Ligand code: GLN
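Single chain ahead, by itself, as structure tokens, in the form predicted alone.
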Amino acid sequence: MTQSHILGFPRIGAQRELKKALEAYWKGDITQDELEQVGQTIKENNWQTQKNAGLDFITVGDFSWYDHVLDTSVLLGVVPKRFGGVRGKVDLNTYFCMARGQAPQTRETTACEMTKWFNTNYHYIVPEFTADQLFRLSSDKLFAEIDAARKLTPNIKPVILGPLTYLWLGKAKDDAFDKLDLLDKIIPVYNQIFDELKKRNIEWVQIDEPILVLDLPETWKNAYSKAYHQLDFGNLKCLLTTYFGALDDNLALVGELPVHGLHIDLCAAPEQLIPVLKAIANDKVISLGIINGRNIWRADLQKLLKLLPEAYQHSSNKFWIASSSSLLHVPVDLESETKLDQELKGWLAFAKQKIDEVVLLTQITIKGEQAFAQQLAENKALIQAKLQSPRIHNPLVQKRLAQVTVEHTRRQSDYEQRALFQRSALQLPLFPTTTIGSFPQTQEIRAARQLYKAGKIAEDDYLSKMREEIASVIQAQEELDIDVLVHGEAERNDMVEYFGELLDGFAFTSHAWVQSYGSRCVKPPIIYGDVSRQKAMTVNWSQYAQSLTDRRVKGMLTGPVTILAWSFVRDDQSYSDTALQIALALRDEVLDLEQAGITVIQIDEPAIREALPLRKKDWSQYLDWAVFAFRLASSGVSNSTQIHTHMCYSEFNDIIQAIAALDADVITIESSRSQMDLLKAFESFAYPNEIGPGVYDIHSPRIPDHQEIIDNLEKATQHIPLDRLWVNPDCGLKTRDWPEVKAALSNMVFAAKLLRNKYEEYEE
């Protein structure tokens, strides 16, 4: 019989209960017992939601206090020595210290590196491996959750990150060391985990191996057969889970693995269905990921039902219906959105509604379409209404896009010539200091925004409060003696949502939060139609900030690719067309900023790497339009206007040439958590413009001393000419508190001044 399941459920809670509890615990406002009770309530609610919807399997083990890769590190005893190593079970404070560098009752230290989870906006904590790495079962969290869930229902499916994906995602701390050398050490611990599952009479275990959709070296491909033949499943059935792409050249090796089922993502790669069905033995379960785990549009049931006959023919009683990936990447419940207009709401499905879609499709497969004729008719009407709605298409936007040429993406002069104009205009010292854009979003700022949105304070009062905050931020930066200032973004709720609220073609939610990392949640806007700008979005704020100081203040914008990647995007036209529409709107904003006297303008593109296709054969097509979109937004200005961009928390080394092709005058880029590993890219590539490799990690509350910053900058001077090197944190300061921000920036400026003195002869 066809069965239903999902790969995972959001773990933040319907009202972000986990975020609030985590931050309260880190501040010392609640106890660990109180924190754990919040987590237990969220887990139980998630399990009950799945059970009530009628899923055949309830997924267990998808809850995390911070990150599921970090959970795996703790489960396997991969705790770097600076956190105390492993002695018995790893405690929760050690876990948090690995993630943040700081936790209650622990010694402050450098947090583990953080980077993007495949091509999503979710961040994971990178495992650290040493050549003498030992693995041991060091956490009971998974087993405790299984025991708790079994009290609710016997039909549970634990989820575990697979051994090869886990090793792939980690980092060898010794350059001469091959991570695959650890495979023989890690397999016995996985077998211990399986033994615990067998004791609990678990029928199926979900083992996530998403790296099987990547271009894998032959050594890693060969390792799959070795590893999975050493895994002792016994009477435990393994559902090998892939997502975010197609198996392609890895399909043959998967077909030979001794697993009992395979999950494939038919939303990201529908073309793989027939090849997979042909390659996988018909005694194995095929799990069809046909409900999109990464977007929020209601499923077109008629379209999806056309996929099922092929699977039914392959094996009438051994295929499952599922979400394409974990529902971690979508909001929890559409019913929380009481302010969305009914037409738009009818087009959407969040995690709870996606579970209903999975169950409905499964029941249709079992009982036939006639039994669900009304539901299918209602779904068809909603899909057609969306496609025909006049709110989606704007002929003026389409006409303007059709008139774009390559000339719109070229600056007046090349960088070398522009740099002369900019240096003359800006008169900056060697090692100029700046920040990435945002400053702390205090409770007072958030309270004022909430009161204004609720209509409890007048617009003039709200604007006055924001101007007070901007003035305070400008004064603080002048006191710190930072060279190029920012206005602090007090008025912005989020770097993407803020712009979405000011552009046509976007819709906004009240409670559609999605986890980005740890307690950090974002509320992505929804791009449902053609995008355009009706009026300036940032000019007044930047102009006001510039009026308060003689120093340069950067205009701050979010780039077209990042707005695209961090939104829920319409599915009726290409992503590239939507990105170019956004770029045209931003181009207008850039020109208005310049006209208003803002001559340093930053257009952030932190998502440009994460949106990269997973397969290299698809890279060039994406990078062509992504670079084109950025240049379309940024290239209308004069030579003397300096264009900055910022990128963070992805592996940028392999696309450094495309980053150079953006032709930004200055790029600031995250590199501190990886101990300046980014600089390796410059050993074989001479970056042509100016660059500020982030000198300290803002996602940790830890305050770096000035010598640590100097050490990072000295590494940078080995690869970047001194007259092209900027000094900055590695990301915005929105999530930090003012005392730590001032202390860290003070050390940063002091370090820059010491280096100026050291290299003053060069400057002369």
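Residue indices: 1-based, along the sequence shown. In this text, rigid core is short for the largest set of C-alphas that superpose within 1.5 Å between two forms. Worth saying up front: this structure is predicted, and the values here are computed from it rather than measured.
Another form, the form predicted in complex with the named molecule, is not on view; read the next lines as being about it.
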Which of 508-516, 396-404, 359-367, 600-608 sits within 4.5 Å of the named molecule in the model of the complex, heavy atom basis
600-608
Heavy atom within 4.5 Å of the named molecule in the model of the complex: which of M98, M556, I643, L586?
M556
So which of M495, A565, L142, I355 reaches within 4.5 angstroms of the named molecule in the model of the complex, heavy atom to heavy atom?
M495
Classify T434 as contacting or not contacting the named molecule in the model of the complex by the rule of any non-hydrogen atom within 4.5 angstroms, answering yes or no.
no
Any of the heavy atoms of D265 lying within 4.5 Å of the named molecule in the model of the complex?
no
Does the named molecule get within 4.5 angstroms of any non-hydrogen atom of C731 in the model of the complex?
yes
Using the partner position in the model of the complex, report whether A579 sits within 4.5 Å of the named molecule, counting heavy atoms only.
no
Among S438, E489 and C648, does every residue place a heavy atom within 4.5 Å of the named molecule in the model of the complex?
yes
My question is whether G61 is one of the residues whose C-alpha shifts by 2 Å or more between this form and the one not shown, given a fit on the rigid core.
no
At a 2 Å cut-off on C-alpha positions, does G555 qualify as shifted between this form and the one not shown after fitting the rigid core?
yes
So, superposing on the core, is the move of D265 at the CA at least 2 angstroms between this form and the one not shown?
no
